[in-house]
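What follows is a single chain, given as structure tokens, in the form predicted alone.
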């Protein structure tokens, strides 16, 4: 399952769409939000809540799923994940006037998220918003009860909120040590990951773009689980479908052997994402099976990256961030080989629907 036999060849190279200083400043800036996040969570925790709901739509729902599965096996807290569009149509009777929604938005103007805030306030609940864009509709007082405005790093911000909730609930004794380790080493470890991934990502993107040109009818299959599932779902929907216009399907590793395995053949393009959290055995089972039936597959395993400075016991908690760094490199070269700038859309933002 080696994804790159020559990691070191990237050192000192000029990486496409990569600025190490900007990346590290962004990550360290997000980590510096910790005190502010803690203050908000303290208010929420001390206010007799009956549920914390990570909610979103599209990519933000993917991040919500990552946060919920991160907490699920570690905490007795009533933490849930909900799709904003489904909540607006179906509702959820478990969400009450004592519930809190944690949401995120890049634009601060997503229709479903704005409507979600209104619905939550009709119920009497509260909204904790992470917003990338200042002075956007979601930053107004009638939308957000608690607000942090800071760009990017959505998953990190969600996980910081979830981790402190578990700490307040007496379920994360190592909280301070963990975040001290991240503040000292995470930004460098993720920058290092992008540098080491770059040569492999170039070759991977070149191969996938050529395959897409030859077989545009064939979808690409992405498989993942645990804190990788949200990343897989987002990669397929938000990037390969929306931005690259490549047909794809995303599958949870635990479900791979209940349908998907029967349509994989020698040429089917499959990429498996393997993290280091509790659900890793589900991905390992897929990794063991794929070579027996397919030659057009790739396995991306966060275990193969050094993550210099990160304590071994914390690797599983950040493997979703490591995979985001890998995907950054893939996207940079997919854009180049497809000759398809990622900001171009056919319909999104261009017509009413």
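What you see is a predicted model; the values in this text were computed from it and never measured. Residue numbers count along the first chain shown, from 1.
The same protein also exists as the form predicted in complex with another copy of the chain; that form is not shown, yet it is the one meant from here on.
Residues of just one listed stretch (264-272, 157-165, 138-146, 124-132) have heavy atoms within 4.5 Å of another copy of the chain in the predicted complex: 264-272. For the candidate spot formed by 75, 93 and 345, every residue has a non-hydrogen atom within 4.5 angstroms of another copy of the chain in the predicted complex. Shown alone here, residue 293 lies within 4.5 Å of another copy of the chain in the predicted complex, counting heavy atoms only.
Proximity of residue 254 to another copy of the chain in the predicted complex: non-hydrogen atoms within 4.5 Å are present.
In the predicted complex, at least one heavy atom of residue 57 sits within 4.5 Å of another copy of the chain. By the criterion of a heavy atom within 4.5 Å, residue 285 is counted among the residues contacting another copy of the chain in the predicted complex. Comment: another copy of the chain is not present in this chain, but in the predicted complex one of 174, 183, 112, 188 has a heavy atom within 4.5 Å of it, namely 112. Taking another copy of the chain as it sits in the predicted complex, the stretch 205-241 comes within 4.5 angstroms of it through a non-hydrogen atom at 215, 217, 218, 219, 221, 233, 237, 238, 241.
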